[in-house]
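For reference, the chain that follows is the form predicted alone, supplied as structure tokens.
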Amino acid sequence: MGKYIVKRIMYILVVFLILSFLIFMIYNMLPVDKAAETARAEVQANKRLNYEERYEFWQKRYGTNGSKFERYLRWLGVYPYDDGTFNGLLQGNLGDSTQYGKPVIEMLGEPMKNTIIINIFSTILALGITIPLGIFCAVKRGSKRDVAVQVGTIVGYSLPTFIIAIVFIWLFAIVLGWFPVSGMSTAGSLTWSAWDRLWDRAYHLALPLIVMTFCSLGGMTRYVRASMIEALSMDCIRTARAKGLREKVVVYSHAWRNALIPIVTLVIGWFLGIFGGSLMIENIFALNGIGRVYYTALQMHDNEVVLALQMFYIIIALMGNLIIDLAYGFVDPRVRVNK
């Protein structure tokens, strides 16, 4: 198992270097030059400054001088700047945001926390509904209730997220007036007590959580149902029933364990997906999450923020595959890697 993990980590490093190089080169092909913009702003503010001198100064300051490959190595943190220092990803420097005027690592803290909180709660709620509902539909396969659930899941799965969000805003925020339309807090809530601010935050996040949970129900329920139907048709389940075991024991002890292997991919993938951000939901409800930050950075050509988030998504995807493979071994010893 140890050798397998080491090999996979080496594979992850190689893939990360290849993808980071390609993405860095793609974004550096865009007509965006931070050194030129900064030098131009300085010359406009002070006409006595020489543009070429200031441009050269800011190129050295930002590390954008030299070839593209040298710039890539500086960005990684393995090639020195003109002053001999190393200041890249390996040193914890993700660059400076041109939009916010501060280091990227500082501006991503709060949005990352909000995205994780929102997505964890919505994932837990969705799994708490879909797992028992999927098992019930598999056990009662072909019944009227199963057909009704399948029709509902198909409708929910087919509707785009933004349509569901708009309908829920119209119903719960405008018609019923139960929740606010958007935002994460009430104006002036900074003067409130910590407990009141917490409840106000939960009140504003309730509708986005309902929408995200509802959007997850269709696909997840059908996935769990399909896995359980396949597990219930196995020979070992027929043997367990022939031995006279209670139906609950057959379903929840024997069939559910065999159905876990494909479901592990769903559950772990869903949890790892929280870091990707809920771009559509965060933009519709004006939530301060990394999905909205990423979308805004793309619009404003804030390449340092975009690159940092792209690298983060790549690491999460690569590590997620390793975690899923290792989880398979815990669920089913037959696929466990021991060498």
Partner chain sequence: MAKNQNTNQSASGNWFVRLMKTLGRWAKRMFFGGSKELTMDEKLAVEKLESPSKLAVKAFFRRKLATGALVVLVCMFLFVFIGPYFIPMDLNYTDPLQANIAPNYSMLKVPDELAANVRSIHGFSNFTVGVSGDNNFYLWGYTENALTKVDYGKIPDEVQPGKVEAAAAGSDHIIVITTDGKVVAWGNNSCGQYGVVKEGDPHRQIPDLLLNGTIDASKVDQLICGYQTTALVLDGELYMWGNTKACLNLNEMADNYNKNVQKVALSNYYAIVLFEDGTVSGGSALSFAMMSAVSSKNGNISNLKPYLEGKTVVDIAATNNCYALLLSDGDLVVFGAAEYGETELPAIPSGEKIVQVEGGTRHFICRTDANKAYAWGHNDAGQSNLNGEEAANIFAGPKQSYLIGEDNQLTKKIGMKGYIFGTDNRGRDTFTRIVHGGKMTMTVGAVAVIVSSLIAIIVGCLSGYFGGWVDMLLMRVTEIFSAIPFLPFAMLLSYVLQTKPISENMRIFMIMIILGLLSWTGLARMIRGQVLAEREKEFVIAAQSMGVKENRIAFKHILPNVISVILVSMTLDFATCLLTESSLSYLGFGVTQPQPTWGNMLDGANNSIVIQNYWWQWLFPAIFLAIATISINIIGDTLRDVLDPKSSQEK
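Note that this is a predicted model, so its numbers are computed, not measured. Residue numbers count along the first chain shown, from 1.
Although not depicted, the form predicted together with the partner chain is the subject of the following passage.
The closest heavy atom approach of residue 55 to the partner chain in the predicted complex falls outside 4.5 Å.
Taking the partner from elsewhere, residue 154 is found to have a heavy atom lying within 4.5 Å of the partner chain in the predicted complex.
In the predicted complex, none of the heavy atoms of residue 51 sits within 4.5 Å of a heavy atom of the partner chain. Shown alone here, residue 62 lies farther than 4.5 Å from the partner chain in the predicted complex, counting heavy atoms only. Note on contacts: among 280, 35, 308, 287, the single residue with a heavy atom within 4.5 Å of the partner chain in the predicted complex is 280.
Proximity to the partner chain in the predicted complex, defined as a heavy atom within 4.5 Å, holds among 159, 116, 206, 237 only for 159. Taken together, the three residues 9, 13 and 322 all stay farther than 4.5 Å from the partner chain in the predicted complex, as judged by their closest heavy atom. Of the residues in 221-245, only 222 comes within 4.5 Å of the partner chain in the predicted complex through at least one heavy atom.
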